[in-house]
Structures are given as C-alpha cells and as structure tokens.
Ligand code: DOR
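This document opens with one chain alone, in structure tokens, the form predicted alone.
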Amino acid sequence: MEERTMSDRITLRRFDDMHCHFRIGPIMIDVVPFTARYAGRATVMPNTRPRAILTGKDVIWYRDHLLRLLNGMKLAGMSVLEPLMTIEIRDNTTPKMIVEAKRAGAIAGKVYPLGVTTNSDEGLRDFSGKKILETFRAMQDVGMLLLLHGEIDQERTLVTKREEAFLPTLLWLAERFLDLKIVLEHVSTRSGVQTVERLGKNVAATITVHHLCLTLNDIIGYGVQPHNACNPMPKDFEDRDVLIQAATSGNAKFFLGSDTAPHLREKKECAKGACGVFTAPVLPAVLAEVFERAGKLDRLEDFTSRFGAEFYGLPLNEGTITLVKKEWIVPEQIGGVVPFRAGTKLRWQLLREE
C-alpha cells in the first residue's frame, strides 16, 4: 500500500451541507449521489418546479421522493444522507401553514425575494406587512429557521449590488425577531459578512465553495462563462478575500451551504441561461484547496461539519470521509450537467468513508 504523510491525507467528520438543490425528476437521480458521498445531512431547497414545496403535504411528497432514491442507494451499499426539509415562504404563507409544515418535518422556511434567482417568479414581495410578520412570528414560535436569499431587485440596482440592498431588511428582521434563527444564505459581499458578524447570536450565514473561488471576471471577464453564473453573482476580489477569511476564521457564524444547483447544459448555454453552479462532485476537494492555501486546513471540519449543526441545533454527524492528495481531472459533463471546474486538475480527491 502506498504510504502517505499526514499532510497528504485528511479525515473529516461527514459534512452538513446546509443548502442543496436536488430538483425533481430524472436529474435528481444523477445529482443526489454526489452530495451523499460527503454529507450526512443536506438542507433541501424548496423552489422546485413544476411543483414548489409550500405546505406540509408538499414536504411529505418531496421527502418521499428523495427517500426512495436514498434508500435505494443505501441498499446498494452507498452513503446515507438525511434530507433536511424546507418550505418556500411566499406572501400567502400563513401561520397555520407553518405549523402544519413543522409537524410534517420541515425544519426551515426559505424566502426568495421576487425575481432575484431561479424559480423566484412567485417570491416574497413584502417583508413588513402584517400577514408576513405573523408568519415569521409563527416560525419563531415553533422553532423553524428562516433562510434568506439575501438579494432585492430594485429599480436602478445592479445585480452585483442586490445583496447590499437587502441588508437593511436583514437588520430589521434580526432586531425584530430576536429568537428567530436567521441564515443569510450564500453571503457574497464584504458588507454581508460584516453585517452578520455584528448581529446577534440568532443570525448566521452560509458560504458556498464557488464564492470562495470566483469573481465577476470568471463569469464575464474572459468571454461569457455560463457554467460559473449564479445568484448572487460573485463580486470583487476584495469580497472574495473577505469570504475566504470568514470561512477559515473559526467564527461559528459562518458554515457550509454549497448551493449546488445543477442545470442541464442546454439550460445554461442558451440566450437566457439559468443561474446555478453544480459543485457537489468537487466540493470537498476544492474546499481542501481553499483552506490549504489559506493555511487553515485545521479549521475545515468546523466549517463543514460543526458550526452548521450547532446553529441548527442538531447533533454532530457520525462517520467520516477521507481526502488524499492525488491529482485528478474533473469530468467535462455528468448526466447532462457541467460540473464546477470541469476539465481542470484538482490536487485533493475524496477517497472513501470510514
């Protein structure tokens, strides 16, 4: 057997990936196994089509679909993954719907402001109306997390400024609902990181691996690169530097939410391409590169496997994954989807579970 030094091998507790898009239909079969290779739990996004996850009945329906796939994988000797279910919060979501969804097993409600990302055509319009405030209060009462896609589409607001435009709303909600756990999903700006840092213990943020790697140049700076396009868009080099610093800092407010978001190639390479980056096939390997480059490999497990669980109030995952330093080339395409870093060489490779 080939001998390796400790610096060539990392064993980590299985991850909590607190932001995953698994879709509906055949594409689910292709993409879910990649997350299951490294994660013990995954927070499942509800903005699916043709059926969005809005009620307790929807939660049961979607979870059953996922569990049939996951149970089949388990029987085949593959990894065990627990889906953490959510519902989409819209203007017509009521406190009764929150109670029923919680009873059905939803642990969080996800808000997509109108028109800011994929499948947000019926997103929330009003954050301050009496009805939606009653809904947020019901979430606080039953212990459901509020997950926020933190962007607002306003007149004369560039796409790169949408997160900053949303931050006053985050501040207002966090100060009004002190016992409601709030997550600013896929934070992408220096301002977003600083806002989360100064808010109370009820506010945290997820960080994606692609926002730790990309700037806007990687989307439109060297020709249009649609497979790197996502919402929120990657920003400036300074924003990326601050995100890396937050992820590797050991600050428990920041943890993994990959926002792995597969779209078929033809949905990306077209006149109006879908936004989303399919990172699951490379996520542990690329994260290891980022943390190693920052000299903080010893903090990777906290970011991937501890802080998210603690914020959600969950026990730590059992079992481990192992990464080894072994170069490999990322496939150009997987099941009709182009993965992040397609065709490039990575230094770390996911080896096995223990």
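Being a predicted model, the structure only gives us computed values, none of them experimental. Start at 1 and count along the sequence shown; that's the residue number.
Quick note: we don't show the form predicted together with the named molecule, though the next part is all about it.
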| item | value |
| --- | --- |
| D259, heavy atom within 4.5 angstroms of the named molecule in the predicted bound form | yes |
| C275 within 4.5 Å of the named molecule in the predicted bound form, heavy atoms | yes |
| Interface membership of H149, the named molecule in the predicted bound form, 4.5 Å heavy atom rule | yes |
| Contact of N47 with the named molecule in the predicted bound form (heavy atom, 4.5 Å) | yes |
| In the predicted bound form, the one of F166, F136, F254, Y112 near the named molecule [non-hydrogen atom within 4.5 angstroms] | Y112 |
| Contacting member of T215, N202, S191, T117, with respect to the named molecule in the predicted bound form [4.5 Å, heavy atom] | T117 |
| Proximity to the named molecule in the predicted bound form (heavy atom, within 4.5 Å), stretch among 227-235, 280-288, 94-102, 126-134 | 227-235 |
| Members of 122-145 lying within 4.5 angstroms of the named molecule, judged by heavy atom, in the predicted bound form | none |
